[in-house]
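Single chain ahead, by itself, as structure tokens, in the form predicted on its own.
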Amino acid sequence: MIFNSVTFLLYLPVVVILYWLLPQKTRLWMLAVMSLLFYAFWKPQYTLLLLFAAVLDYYIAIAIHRQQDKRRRRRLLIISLVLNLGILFYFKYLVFFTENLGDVLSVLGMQLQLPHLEILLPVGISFYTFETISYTVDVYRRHLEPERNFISYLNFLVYFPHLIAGPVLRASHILPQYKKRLPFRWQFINDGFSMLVYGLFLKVVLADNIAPIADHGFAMPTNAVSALDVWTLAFLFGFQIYFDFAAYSYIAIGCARMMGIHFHDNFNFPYMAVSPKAFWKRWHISLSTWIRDYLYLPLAGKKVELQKPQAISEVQHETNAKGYLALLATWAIMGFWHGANWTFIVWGVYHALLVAGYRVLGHNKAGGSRIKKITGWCISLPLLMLGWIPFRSENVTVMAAYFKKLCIPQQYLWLGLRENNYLIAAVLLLLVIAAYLFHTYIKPYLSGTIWGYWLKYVALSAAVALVIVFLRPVSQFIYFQF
């Protein structure tokens, strides 16, 4: 089941109504069953894999907490990591490694017939694997008491709003909200519905209409696009993936809000960032936070304290060789997490080099004059958008061809895309800037006024109308493939 479907729009009110009517124990069972039903709409058999991951770490976490011997505790943690990452490796990376092993053996002159594998990637496996790992690690670090109520723990993992593509939740944040339901307020429904509509608008009106334009451009032979076309395609796909992924997060946050459950914000106008560091404080914040606590800090040799989570970009980074190696390794792994393709690893390394470069030049510090911030934004935005080229390219050869064009002056003297593509990219940029300026400078003055009230509901009504017009039967979210 996907958010932008009629089925989901019928499913959601039923869950919300039952959530507020049922008593505590029955309510948790209902959430678990309905969430598994939500997942089973894709492939019912893979709900068993999801349940296995839940049962595995539920019992291992309890065993870790009871165990006082450090070696045995570490051994239990390793068992959990090996099993979880082993499942992820099988479904997501086995085909990649098999194919690359075959290529290496061919180069070495060894003809070994490797099996041709066709493995279907379970939807959301990367996200729920991260969540169950974070839970077990938090218990191991003594940052969290293990949850004794299995249904509460199961809901932490399978709760339908975030199940497929995040936000990546922390057990310490969400489990207490299951135990004590807030008193019903119509404000929950009002705020949640507004965010739901906003997310659907971003998805079906913006992202889904940018998609065919970007897809057509990237499907063209590389010799048919110019350097200016590469820049344009980078911006188009950058806007597409932003609207698409932010849409999922807003819908997820809105659905949870209707039940009085609070998720942290996951996006905060990332394309208005004045540096790569600032960008990763604004883009997919829950994943950036997870990477910081469970990957970057351990690799950098830093102790992870029990504190409010911060994004990786908010950490005081080491400027020695170990710090830079940890940064490079973290981003390479983060890229590989997105997909079993060398292009994603290049994407991760690209961002590592951007962050490291800004760190060396001393441009990662907050503050500065308005002119400095505008200059930083004008430099950072094209570099950040260019990073979407390896992310979107089919393979390394195509990606290299795109980057090569950017280095040839003659490639800037002609255009290969349709004229309206450049106009659409420019309009989208202006739209993002206008939305940011309105949100930052105008909205605070309208908040609580009659003008703000009417503007909100006129905009909401218009968004509902546009969503109804543009809603398609099936239009999958980009991050479902990760």
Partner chain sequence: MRFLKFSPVFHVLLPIASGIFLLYAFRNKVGTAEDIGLGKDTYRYYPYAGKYPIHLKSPRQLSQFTIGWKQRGEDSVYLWLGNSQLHGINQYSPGQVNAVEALQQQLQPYNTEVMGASYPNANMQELLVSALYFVPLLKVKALIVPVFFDDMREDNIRQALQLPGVAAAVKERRIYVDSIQNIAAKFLQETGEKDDAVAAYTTGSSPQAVTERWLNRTLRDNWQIWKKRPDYRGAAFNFLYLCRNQLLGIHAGTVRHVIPGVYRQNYMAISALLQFCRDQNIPLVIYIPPIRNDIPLPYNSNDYSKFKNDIERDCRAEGARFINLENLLPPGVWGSKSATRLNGKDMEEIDFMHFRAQGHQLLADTMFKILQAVR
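Since this is a predicted model, take the numbers as computed values, not measurements. Numbering follows the first chain given and starts at 1.
Keep in mind that the form predicted in complex with its partner chain is missing from the display, and what follows is about it.
Contact residue in the predicted complex, from 187, 106, 100, 410 (heavy atom within 4.5 Å of its partner chain): Spelling it out, the residue with a heavy atom inside the cut-off is 187.
Partner-contacting position among 29, 436, 41, 46 - heavy atom within 4.5 Å of its partner chain in the predicted complex: Only one listed residue qualifies here, and that residue is 41.
4.5 Å heavy atom contact, residue 445 to its partner chain in the predicted complex: Outside the cut-off, so no.
Partner proximity in the predicted complex: residue 172 to its partner chain, non-hydrogen atom cutoff 4.5 Å: No - in the predicted complex, heavy atoms of residue 172 and its partner chain never come within 4.5 Å of each other.
Partner proximity in the predicted complex: residue 456 to its partner chain, non-hydrogen atom cutoff 4.5 Å: Within the cut-off, so yes.
Partner contact for residue 264 in the predicted complex: its partner chain, 4.5 angstroms, heavy atom: No.
Interface stretch in the predicted complex with its partner chain - options 190-198, 153-161, 239-247, 138-146, non-hydrogen atom within 4.5 Å: Flagged stretch: 190-198.
Residues from 1-38 in contact with its partner chain (non-hydrogen atom within 4.5 Å) in the predicted complex: 1, 2, 5, 6, 7, 10, in sequence order.
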